[in-house]
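As a starting point, one isolated chain is supplied in structure tokens, in the form predicted on its own.
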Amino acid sequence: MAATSEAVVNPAHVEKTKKAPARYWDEPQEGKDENKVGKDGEQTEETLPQKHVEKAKKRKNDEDRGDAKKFISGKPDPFPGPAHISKDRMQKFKRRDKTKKIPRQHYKLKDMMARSDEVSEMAQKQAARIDLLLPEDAGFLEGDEDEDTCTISQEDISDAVDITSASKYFDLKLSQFGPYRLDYSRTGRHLLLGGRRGHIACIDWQTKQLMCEINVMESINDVKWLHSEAMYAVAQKKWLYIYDSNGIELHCIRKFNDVLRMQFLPYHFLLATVSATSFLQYLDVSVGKEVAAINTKTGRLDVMCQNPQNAIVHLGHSNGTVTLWSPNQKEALVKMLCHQGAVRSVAVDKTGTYMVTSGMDKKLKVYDIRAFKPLKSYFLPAGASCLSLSQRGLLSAATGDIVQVYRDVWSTPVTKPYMAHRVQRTVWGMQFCPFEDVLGVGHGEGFTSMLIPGAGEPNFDGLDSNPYRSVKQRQEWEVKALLEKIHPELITLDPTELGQVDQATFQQKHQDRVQALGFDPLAKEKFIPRYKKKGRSSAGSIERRKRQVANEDLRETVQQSSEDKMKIEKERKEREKKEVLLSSKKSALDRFKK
């Protein structure tokens, strides 16, 4: 029988106490056996319930997985850090150069410019990474051996491609009200046709669905879509009219009379028009007000295009010059003598780098707008009456009833066209469709849609121009575009100037401030001694205090001048040392000296 002292008494259930919760500082000591009972009678892993042991192991595994930088599925990452991006791909999406370092005292501006550079670099890297995910590639028409692609007809192309692409080649016979001007919407989905004799038609050309068709009973000079396919502008015989997609007249703007050509600036919501009275006018379609009216004093204006990069308007004149205009100035920004005869057509590529012009001298010229210098010059036997550039850099030129498409006109000399097609009557209007390999041609017998492989951009930006957007998406995009509208005051020849820091010197700024205020705010105030009592403000003591302050100012000036003299003297001595070293060196030609 066991002794009374050795008897084990099982305590009652009510006497059991809960174990204190574990704390992060209660870690087991290393080097000791954790499977034995401690001195204070604490429970070990053997005595712990199985549930607690499993929870501890699970927590440890979760901590190991949580360190994603070092571990993947419990193992070290063999390729740590972000994936490498090639320099060529980064250069493709480069937005701007890094800003120059600014003086140290402008710490707030320096911090802001550093954050701007970081955001720009991050956007550049993201665009370069997403470039791998773009699904479509641009292709071109390739012929067999010893076969020119310009000899391939549109019928042969439509027979060789799929049904959807073949349906994009069609003719609209509208001989009664021609010739026709045309305009594609920014999404490339809708087509606007305007006949010389008053016929207007809006078409969803991919589904061949007619949106509206009216006759204004007046001659039409030009038609242009506005910010969306819900409204368009028509330059009629007298005034400028605005219609909606149902053909209902919304506005008649009598300030814009005798309009011949129009261009719409989508990011500024500006409709630029030129007239037979030599006026260039800008209309803000978001508020319906005239922004600027400029008298160019160059006669009748019927040649016009815009630079998509900086929203500068290019005008061609009868004296062979091309002028560049902004709504902020009454004079032309640039005047270029391009042809010996009148300018017939002007086109600018989407990057804003190259400009193509054609004139009455039967020449086709390519200019670099950055340097305003000619790059290439081609001679066309009959000249080009209408020019158009695609998103991928193809150039279409209309000569009478023949449409010719050229490839790489500014990089390599072109000897023959890429494609050619003959329409029924003289071409009056021509434009490439955005995001499609299609060229629309308006002529005297109606409209022709041509297939031009490699003309359109295969990948579109869904936040900017989405061809498949719904009505709700179009409404949301319109609201965002209005909120992000760029003011016309920001239209400049070089848009990168808006992001540069003004490097004017402090002296120039200080002089401007002095002229504006009428006094120098940084000038040292004249010392006036403070009045003291008990006879300490006598005339002698006041003069003595004034002299003491003047001596201190003079001491600072003398010290500064002496430091400058010492610096100049030190530079002079170093220069003399260098000259002595150079003169002491012997030359191989010294042996010829007498």
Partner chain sequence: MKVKVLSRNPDDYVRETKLDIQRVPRNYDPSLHPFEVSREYTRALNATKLERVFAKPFLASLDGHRDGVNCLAKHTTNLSTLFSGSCDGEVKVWNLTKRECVRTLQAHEGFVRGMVVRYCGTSFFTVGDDKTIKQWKIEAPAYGEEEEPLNTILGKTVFTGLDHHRKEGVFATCGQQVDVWDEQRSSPIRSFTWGVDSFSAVRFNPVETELLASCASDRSIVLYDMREPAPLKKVIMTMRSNTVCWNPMEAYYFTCSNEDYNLYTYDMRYLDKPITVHMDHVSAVLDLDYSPTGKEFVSASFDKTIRIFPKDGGHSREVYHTKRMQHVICIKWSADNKYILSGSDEMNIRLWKANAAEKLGVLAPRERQAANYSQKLKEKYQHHPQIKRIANHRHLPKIIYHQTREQRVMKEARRKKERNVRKHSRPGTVPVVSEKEKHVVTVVK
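Positions refer to the first chain, counted from 1. Note that the structure is a prediction, hence the values are computed from the model and not measured. Take the two forms, find the largest set of C-alpha atoms that superpose within 1.5 Å, and that set is the rigid core.
In what follows, reference is made to the form predicted together with the partner chain, a form of this protein that is not presented.
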Is there a heavy atom of G518 no more than 4.5 Å from a heavy atom of the partner chain in the model of the complex?
yes
Close approach of N310 to the partner chain in the model of the complex, 4.5 Å, heavy atom:
yes
Exercise: S470 in contact with the partner chain in the model of the complex, heavy atom 4.5 Å
yes
In the model of the complex, is there a heavy atom of the partner chain that lies within 4.5 Å of any heavy atom of F372, even though the partner is absent here?
no
Exactly one of L132, A382, L498, L337 has a non-hydrogen atom within 4.5 Å of the partner chain in the model of the complex; which residue is it?
L498
Answer key: of K350, R196, R425, H106, within 4.5 Å of the partner chain in the model of the complex (heavy atoms) is K350
Segment assignment from 289-297, 408-416, 241-249, 260-268: heavy atom within 4.5 Å of the partner chain in the model of the complex
260-268
Looking at the partner chain in the model of the complex, do all three of V161, P453 and K485 come within 4.5 Å of it through at least one heavy atom?
yes
If you look in the model of the complex, which residues in 446-460 sit within 4.5 Å of the partner chain (heavy atoms)?
L451, P453, G456, E457, P458, N459, F460
Please say whether, between this form and the one not shown, the C-alpha of V514 moves by 2 Å or more once the core is aligned.
yes
After a core superposition, would you say K208 shifts its C-alpha by at least 2 Å between this form and the one not shown?
no
After a rigid core superposition, would you say the CA of S219 moves by 2 angstroms or more between this form and the one not shown, or not?
no
